[in-house]
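Coming up, as structure tokens: structure 1 and structure 2, two forms of one and the same protein chain.
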Structure 1
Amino acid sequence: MNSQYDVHGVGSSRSEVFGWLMQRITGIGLVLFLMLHFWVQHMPTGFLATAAEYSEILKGLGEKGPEFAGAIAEGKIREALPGEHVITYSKVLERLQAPLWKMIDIMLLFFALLHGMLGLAKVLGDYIQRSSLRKAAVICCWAVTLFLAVQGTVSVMTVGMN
């Protein structure tokens, strides 16, 4: 296993089996979380604003401050098309008021990051032959993961606190 060109994936070291098992557990979890996520954020359900609701929301925003009025005037914030459902700050805020939704979103975040980074580390391991470089790549992966985990958690936990 410590040759420079060991055949990756054929060994059965402890961490390798752990990664393999984690990849599968998080995979199953992600199926459930992503179905829910897609339903809530991409489908025309009550979690999004209808075109009429969004129009009202924009009217309210326009009166709230110059940064909104400016963005609307420049088309950077745009009215919805007929039949379109829009993700909007107020709807997200409303949903994330519930601690359960905060928890679900953070679980999704952690599962996706863990699964994705285990996968990325494995792919990099397949193409990087030098073991020192491979180690460096894995360390980079986890550093980025840690950063994204903190960033995402902060976004979810502090929404509406400004």
Structure 2
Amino acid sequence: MNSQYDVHGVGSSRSEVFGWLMQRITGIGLVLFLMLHFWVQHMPTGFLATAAEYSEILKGLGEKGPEFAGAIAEGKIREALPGEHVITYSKVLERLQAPLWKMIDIMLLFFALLHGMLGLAKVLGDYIQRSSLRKAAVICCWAVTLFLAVQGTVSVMTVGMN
């Protein structure tokens, strides 16, 4: 078999090889950043509120109005269990004050968007036979991906700004 052909016997272009390679690179990056994200957000680190801190948050919430007090009384908003650590807005805000954590969250966003878009482009290539329609669909998907990347980056960068 000639090296210019892939395993299916169809000629592969440089863009297909690049897409294949980027799918693997973004997949590895996605796994690494997801592991870091889950460790920070779901393990008892300094970035989670303790049960006592969360209890104070609930107390303040209950004082805001009867609908919150009723939701707490009905168990719709429950107290943290002893030893439980809770993700709270204030703790996420505290974490995102550090430029390193902002960059980590933005990289997770970029890897996820790029990995998903590369996979979607491959699926569109498999199912849309007309070249012009396939190009239009891929261009629309890239536009949405770019919009989401910009929107997500702006959201992360402006966290905590008044």
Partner chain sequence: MLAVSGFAHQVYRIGMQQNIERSGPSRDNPSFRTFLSTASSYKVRAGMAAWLLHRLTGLALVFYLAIHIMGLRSLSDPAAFEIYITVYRSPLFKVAEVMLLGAVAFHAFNGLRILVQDMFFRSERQRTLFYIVLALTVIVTLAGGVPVIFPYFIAPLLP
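C-alpha atoms forming the largest set that superposes within 1.5 Å between two forms make up the rigid core. Just so we're on the same page, residue numbers count up from 1 along structure 1's sequence. Since the structure is predicted, the reported quantities are computational estimates derived from the model, not experimental observations.
Enquirer: Given that just one of these two is the form predicted in complex with the partner chain, which number is it?
Expert: Structure 1, not 2.
Enquirer: Treating the motion between the two structures as two rigid parts, report if residue 141 and residue 62 share a part.
Expert: They occupy separate rigid parts, so that residue 141 and residue 62 shift as distinct bodies between the two structures.
Enquirer: May I ask you to give the angle in ° that the smaller rigid part rotates through, relative to the larger, between the two structures?
Expert: It comes to 31 degrees of rotation for the smaller part.
Enquirer: Superposing on the core, what C-alpha displacement does residue 67 show between the two structures, in angstrom?
Expert: Its C-alpha position differs by 11.5 Å.
Enquirer: Would you mind giving the Cα movement of residue 87 between the two structures in Å, after fitting on the rigid core?
Expert: Comparing the two forms, residue 87 shifts 2.7 Å at C-alpha.
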